Structure formats: C-alpha cells, structure tokens
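Before any questions on binding or motion, here is one chain by itself as structure tokens, the form predicted on its own.
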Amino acid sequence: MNLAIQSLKQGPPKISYMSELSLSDRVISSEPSSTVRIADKAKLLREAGHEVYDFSAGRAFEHTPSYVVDAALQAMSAGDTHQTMAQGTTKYRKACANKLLRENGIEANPETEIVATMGCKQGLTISLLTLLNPGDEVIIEDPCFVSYKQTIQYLGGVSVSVPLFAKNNFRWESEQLEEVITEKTRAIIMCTPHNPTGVVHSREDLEEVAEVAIKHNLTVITDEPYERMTWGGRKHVNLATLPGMAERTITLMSLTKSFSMGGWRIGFAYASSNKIEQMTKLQQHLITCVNSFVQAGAIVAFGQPPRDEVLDFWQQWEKKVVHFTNSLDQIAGLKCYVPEGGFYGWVDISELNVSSGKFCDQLLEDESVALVPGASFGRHGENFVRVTCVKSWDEINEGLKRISEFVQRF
C-alpha cells in the first residue's frame, strides 16, 4: 500500500515547462481541491483492494432518499430527458420558492428571482462572473471552503482573506472587514453553517456583515448547503432576510448535503431579478441548463416538507457528529468542540507540534485513515484537521480507535 499512499501524498503530476507555455497561468498556479483529491485517491485505494477509512470529503454514508430517486426515474421513463429552460423548469423554480417560504420566511418570485444551478459550486461561479471585473476583490473567510480562492482566481478576481479566530468562536468582527475594504472590493463570500469550523451564524453575527455590506455597497454571497443541518436546537438565519440585504445578497442552496444528493449536482440561487437575469445569461452559454430529470427529482425534495426518512437522516447525523467530536476531544493531545451545525469536526492538533499536512500523511500511512489538513482551508487552518462525521457507525468507531492509537504514539 505504500506506493499508493505515496501517490496520494504527492498529488497530481508536475507539468513540464514546455507544457506550461500553452496553458493558463490562472490554472497552473492554482491548487487542486484537497478534499476532492483525497477522497478520489481514497476511493482508488479501496478499488485496488486496500482498506481505507475515509473521513475526508463531506459525503454522507446514506443513499439519496428513495422517493426522490423514484421521481427522477419516473421523469426519465416518461421521456423527460431533453434540455430545459436555462433558468430551470417552471415547476422546479416554484418548488424552490416554496422551500424558501416554508423554511426560510423568504417570498421569492420563481419567475425572476431564482435560477437552477448544478450545486452551490456552479452557482458560486455564475454569481462571481455576474459581479466581478478583472482585478476586483472578494473578501473570503480564513479558514474557508477550499474552492473559494481558486474560483475567484480563475475568474480574474483577487481573494482577500480575513481570519476567523478561535478566541472569537470563529466569527468575524465588523472591524476586521472594514480594515481590508478598498475601492476594488465588490463582494463578500461567507458560509453558514460554516465549513470547516461548524459555526452557525446568529442574526447578530449576520448583522455585523450586513452593516459593512450596506455601508460600502457590497454584495454578499451566502453559501448555504448545510442550512438544514443545525444542531442543539439552533436555527439557521438567512442574510437576505435582514433589513436592506434582499437586494445585495445572493443565496446559494443545494440538496448535496441535506438529502445526500452529492452526485446529482443540483441546487439553486436566489437573488434580485437584475442579478438572476445576468446569471441566466451565463447559464445559457456555459452549461445550457441543469439536467432535466435531476430537476424532476429535486422538485419533490424542495417542494414539500422533508419526509420521515430524511428527518431520520438528520437525527442520526446529529448523533454521529456529537459522538465523533466528543470522542475526539477526549483523546489526549486533541481538542475538538461539538460543531453548531454541518458535517465536520474541526480538530485542534496544536499540542502535537506537527503540521496538519504531516499529521494527515502519517495517519493515512500508519492507520489507513484519511482526513483533510487544516492548511487546505487557509493559512489560519494550519493547526487543525477536518473530520467528516457522517459515516457508518462501524467506520466511525474504527476510525476513532485508529486515530486514538496514532495520537498516543506522539
């Protein structure tokens, strides 16, 4: 297994100088997605017959709910296999509007304020393309989701990282944002519940961001794939519901996490009509439309209250998150609080005096356990590693045993 592990550590092959002459500097100078790369490599190791306990990418153990699958199969059998409107089918956008009203208290016009997207990542891409000119600046969190910085770079923008400190419970203060704003600042991206720290932003947290956005005429893109996964009785608050923010917020939502539908690549963006008009134009040229039968399946997921099998998912996930993170916190040398929401344990390894990259490399080498180095999420993630908690109970318990044995050897 050592050769396979070495391949995982090294990452993709280096590009020769002659090849670089014909390739984009924006792409060559960017980093691969650590979460996807590690998960892909772990899958390859498993396919090759190696035992790997993979807690890297945010992928739940459960399959997509059967009633959602049935709706998509029925659509395909009925011939719903053709291109749809670029903005999404009328039924799908109405289902998204129903979801926003039912769960978020937002009255959205499905004709002008919603566009179907291939998950939140593609929604982020067309949101940024709508907002940015080359050289414009976008404020992002540090640590943050690994694709924010790279996507901004691909589109000719400049990311400006503002740290999230443990002493502030991984929340921004408005003064931090004020310090980095320039005449080139156009937008802020924030994730809530937060990946990777597990913070669920309160209304008070969001009010600080809203105050800065209104003062400086900025748009805020809120990345919300985990918005249905809040633990300990907490409630998700959408920034667009705050006074003055409906016109300056782009809300990204998906079924990737909450319905265990990562492979479906389906979500939506909610924003003011002038933004949706431009995002739809981009959609026409970049992907034409979101898959027709995927939208048909997603209609029943977004258009009605979650059924019992989905509610059971969420109840099990909270139990797993609490158990996994509490157990990690009990391992001498590690510190891990129970997250307020989302899939992940954000584990402080600073007492071990080892880099996050080396910790993860050695853990995979010695114990066949895959985690994500905190440094992948930004400079201020260096003393942490991220653990995905929503795996099977057998995987969780064996993973905890192996992590504990590994840390005890330090």
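This one's a predicted model, so the numbers in the text were calculated from it and none came from an experiment. Heads up: residue numbers just count along the shown sequence, starting at 1.
Unshown form predicted in complex with glutamic acid; subsequent notes refer to it.
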Checklist entry - in the predicted complex, which of 354 to 362, 40 to 48, 22 to 30, 54 to 62 comes within 4.5 Å of glutamic acid (heavy atoms)? => result 54 to 62
Checklist outcome for this item: As a check of understanding, the residue in F259, W317, W172, F145 with any heavy atom within 4.5 Å of glutamic acid in the predicted complex should be identified as F145
Item to check | Heavy atom within 4.5 Å of glutamic acid in the predicted complex - the one residue of F324, F268, Y92, Y226 that qualifies | outcome: Y226
Next on the checklist: Considering non-hydrogen atoms and a 4.5 Å limit, does glutamic acid approach T197 in the predicted complex?
Outcome noted: no
Next on the checklist: Residue-level question: is K99 within 4.5 Å of glutamic acid in the predicted complex, judged on heavy atoms?
Outcome noted: no
Next on the checklist: Is K149 near glutamic acid? Define near as a heavy atom within 4.5 Å, in the predicted complex.
Outcome noted: no
Next on the checklist: I'd like to check something about T35: if you look in the predicted complex, is any of its heavy atoms closer than or equal to 4.5 Å to a heavy atom of glutamic acid?
Outcome noted: yes
Item to check | Within 4.5 Å of glutamic acid in the predicted complex, all of H201, H236 and W346 (non-hydrogen atom) | outcome: no
Item to check | Stretch 377 to 410 - residues with a heavy atom within 4.5 Å of glutamic acid in the predicted complex | outcome: R386
